[in-house]
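One chain comes next, on its own, written as structure tokens: the form predicted alone.
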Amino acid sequence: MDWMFAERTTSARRSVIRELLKLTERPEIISFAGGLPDPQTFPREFLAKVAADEILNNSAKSLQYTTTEGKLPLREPLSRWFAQDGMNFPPDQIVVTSAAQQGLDLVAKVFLNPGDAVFVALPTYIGAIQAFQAFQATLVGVPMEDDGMDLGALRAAVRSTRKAGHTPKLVYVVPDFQNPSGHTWSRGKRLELLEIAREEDLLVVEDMPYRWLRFVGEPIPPVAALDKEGRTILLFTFSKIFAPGLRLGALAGPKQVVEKVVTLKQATDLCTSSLNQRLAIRFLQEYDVAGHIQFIADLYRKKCSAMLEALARHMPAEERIRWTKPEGGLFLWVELPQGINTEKMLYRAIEHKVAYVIGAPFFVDGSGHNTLRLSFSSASCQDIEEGIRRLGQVVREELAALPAPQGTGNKG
């Protein structure tokens, strides 16, 4: 049967992370692995009430098919919400999707021929890697700096990729509290990215799953708000501010792009769940959304602070061990000394009953073996303290197992 499979299936890979997460499912393990929102942020009572009301009293709209682009009563408030953040997308330039991941898949379907180049950060969101690889794109990694992508390296990568015979098309970015690193792009780099996109005739795919979860500092305008030429495609999700199990989000962009997306979405799923769209409409109409988001941000501020304080207490005092200090989102990023392989170290961590996500799968160039991602969102502050204590012990054991640098001897 193998000969029957399409060529694209040979480049598609299961997530290494999701396979390794199976090791972390034992209840005694404190896991910082999955990027899961805290369940206490789900508006359960509200959802139960409006779901029952929609099913019993509005079934003609909530249980029926709907349009491929999504219900207008949802796209209209989304358009107004985006406008509050400086992004001008009228309702006819918004498509409701099954969360942002479907948006990535649709972008790949619309734009990518085999071999076309997509530029991503080192590291970048693994779900984007999977979406682009499924359509046989050439993924080109660009190093990250503390305030965003190394844009000099991006310019060079675009030109070398074109010389190599590939067609540069997309730059994929998560400018606010990036998954996995937690980094936030500066305003200057967001503007320069748009300059590069104009000069090189590229589109920017701006993924913003965490933007509204800022808990330190002042917001920086989205790339889409700074874009005056219509080169940005926005991906939005309700997963982090409403409920991830509803699988609800949106794609916004130039009208010509949205028309193509709708055409291909028709062949994918006909429409996104009518019931879930109705729940989101009611959420935006009736719930204290601003207060709810503030509650979530405050909760994650406490958890992030607890993790940063625990890392400072329990990690070995070694200058080659570094971690990010995110201003929002769900994650922080740890870099260990070269020579430590965090995939191999994970098995030692499991023995110590603590888990994390290995860093290498977030890198499209094969690097990152000494890195790991920690999520502070779903663990309690008590578990964060104990889990980081265990992780610090694991790192100490790994450091002790490293060979001594050449030219040094024991002192004593």
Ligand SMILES: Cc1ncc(COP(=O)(O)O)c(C=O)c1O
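Everything quoted here is computed from the prediction, not taken from an experiment. From 1 onward, residues are counted along the sequence shown.
Beyond what is shown, the protein has a form predicted together with this ligand; the following relates to that form.
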| Full three-residue contact with this ligand in the predicted complex, heavy atom 4.5 Å, for A100, Y172 and Y210 | yes
| request: Consider F82 of the chain shown here, and say whether it contacts this ligand in the predicted complex, taking contact as heavy atoms within 4.5 Å. | output: no
| request: May I ask you to state whether K109 is within 4.5 Å of this ligand in the predicted complex, using heavy atom distances? | output: no
| field | Proximity of K240 to this ligand in the predicted complex, heavy atoms at 4.5 Å | value | yes
| request: May I ask you to check whether F119 falls inside a 4.5 Å heavy atom distance of this ligand in the predicted complex? | output: no
| remark: TL;DR on 253 to 261, 337 to 345, 191 to 199, 100 to 108: the one with heavy atoms within 4.5 Å of this ligand in the predicted complex is 100 to 108
| Out of N179, T272, T232, T184, which one falls within 4.5 Å of this ligand in the predicted complex, going by heavy atoms? | N179
| Out of F89, W333, Y125, F283, which one falls within 4.5 Å of this ligand in the predicted complex, going by heavy atoms? | Y125
